[in-house]
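The chain below stands alone and is given in structure tokens; this is the form predicted alone.
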Amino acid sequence: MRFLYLLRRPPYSGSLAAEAIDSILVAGVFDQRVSVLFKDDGVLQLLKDQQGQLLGHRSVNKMLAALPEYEIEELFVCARSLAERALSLDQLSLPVQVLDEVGQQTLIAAQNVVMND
């Protein structure tokens, strides 16, 4: 089975971002083929040097750093979302592949399950 998680929420607007990452890690434990697409405000989850504990949250980028340990290495980011937030790849904590709209549609079409946060 191929699972794609669309992460669209900012990292600390509530618990949804952390819960979505927990779900991704669980899927990885069960040897599912898991991909992650960061889109909209979800790209903010990738920023380096986050300090979620100052806001009373777990640090999202520390949670994301565990993805490779669960063999979750297909990480993608929306090109438009990065551009709209004036972000560059060197500001991100993980290596990701940048996708345009067509690339995102192709990625989504290749999945068995798409989870949207």
Partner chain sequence: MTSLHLIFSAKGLRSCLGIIQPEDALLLIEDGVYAVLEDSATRLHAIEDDLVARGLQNLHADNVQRIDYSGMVELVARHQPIVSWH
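Residue numbers count along the first chain shown, from 1. These numbers were taken from a predicted model, which means no experiment stands behind them.
What comes next is about the form predicted in complex with the partner chain, which is not displayed.
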Legend entry - Gln105 within 4.5 Å of the partner chain in the predicted bound form, heavy atoms: yes
- Query: Applying a 4.5 Å heavy atom distance criterion, does Asp40 contact the partner chain in the predicted bound form?
  - Reply: yes
Across 1 to 20, the residues having a non-hydrogen atom within 4.5 Å of the partner chain in the predicted bound form turn out to be Leu6, Arg8, Arg9
